[in-house]
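The chain below stands alone and is given in structure tokens; this is the form predicted on its own.
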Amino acid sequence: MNRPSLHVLWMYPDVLHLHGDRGNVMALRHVAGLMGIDAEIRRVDSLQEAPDFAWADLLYFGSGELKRMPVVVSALIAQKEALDRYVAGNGMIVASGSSAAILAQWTKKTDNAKFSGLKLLDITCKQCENVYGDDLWFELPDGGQAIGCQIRVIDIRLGREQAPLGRVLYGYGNNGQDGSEGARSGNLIACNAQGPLLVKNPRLAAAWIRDALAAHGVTDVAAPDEADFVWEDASFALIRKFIEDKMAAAGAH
């Protein structure tokens, strides 16, 4: 019996290169292997390259400098017909950190200039005057939880009908006010958590792998053995305790 395969396009890693997001690509490959899936990662290095969207199951955009987002959007608009077919087929796109601006309606910079995104999610972004960093702990709609870190460069506002990716339990999330974290419409995902998100949350990686494959008709996928998550479960518990202690200390003042 042939093993299922996962095809990941790692989008512009030399442009979107902040916060060690390459670890998330490595985590996708590792967790896929635990699920009996052969994962193939292809880099899309050049902004002039025509990505093979028809081959892909998942497009991964790591975090990058906000000033680089307009050129990334322009590169993708040049491939609009192929990208539109990919999105119409429920292809998965994951954008981490400030790369949410790629999927947004528009982003307003601190000098009040605006640039358009791909308008794939009903979110708008505003560049922050100051950069903020802290832990980020959030709950997903299925009750699962994830912990990561956030280096806030933009505030995100959800449109009236736009669902968040999750609900903030600790940290800043989209804007530090409404308790929302990220955004998700079908298989289009923006997440503020960066760096080791999928490394530290392998169940989330497994869920996104299943969703990406299901969009292409692959549904008979094995779940990872719970024993494979023992070390990360222990790490999660320690980080959660650290965060809970910070919350308790803040509440005492």
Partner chain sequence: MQRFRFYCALYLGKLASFACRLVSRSRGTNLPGAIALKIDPQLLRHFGELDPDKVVFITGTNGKSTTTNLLAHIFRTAGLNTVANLEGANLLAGVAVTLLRNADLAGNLRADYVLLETDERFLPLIHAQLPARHLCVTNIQKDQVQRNGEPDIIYRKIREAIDRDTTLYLNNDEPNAKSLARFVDHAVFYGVAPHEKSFHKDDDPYAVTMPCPICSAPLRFSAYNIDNIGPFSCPGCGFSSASAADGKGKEKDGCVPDYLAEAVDFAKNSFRVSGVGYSFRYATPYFLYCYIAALAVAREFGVDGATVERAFQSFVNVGGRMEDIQVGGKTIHYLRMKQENPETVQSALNVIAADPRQKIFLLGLDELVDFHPHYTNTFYAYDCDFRGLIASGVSRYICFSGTVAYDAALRLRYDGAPAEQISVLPTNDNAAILAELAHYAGEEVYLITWLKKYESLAAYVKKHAAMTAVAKGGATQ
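Treat the numbers as computed from the prediction; the structure is a model and nothing was measured. Residue numbers count along the first chain shown, from 1.
Beyond the structure shown, there is the form predicted in complex with the partner chain, which is absent from this document and is the topic of what follows.
With the partner omitted here, the stretch from 64 to 72, 210 to 218, 181 to 189, 51 to 59 that lies within 4.5 Å of the partner chain by heavy atoms in the predicted bound form is 64 to 72. Put simply, of 159, 89, 133, 144 only one has a heavy atom within 4.5 Å of the partner chain in the predicted bound form, and it is 133. In the predicted bound form, none of the heavy atoms of residue 222 sits within 4.5 Å of a heavy atom of the partner chain. Not displayed here, the partner chain is kept clear of residue 37 by more than 4.5 Å at the level of heavy atoms in the predicted bound form. Although the partner is absent here, residue 175 lies well away from the partner chain in the predicted bound form, with no heavy atom inside 4.5 Å. Proximity of residue 203 to the partner chain in the predicted bound form falls outside the 4.5 Å heavy atom cutoff. Contacts of stretch 175 to 203 with the partner chain in the predicted bound form, defined by any heavy atom lying within 4.5 Å, are made by 194, 195, 196, 199, 200, listed in sequence order.
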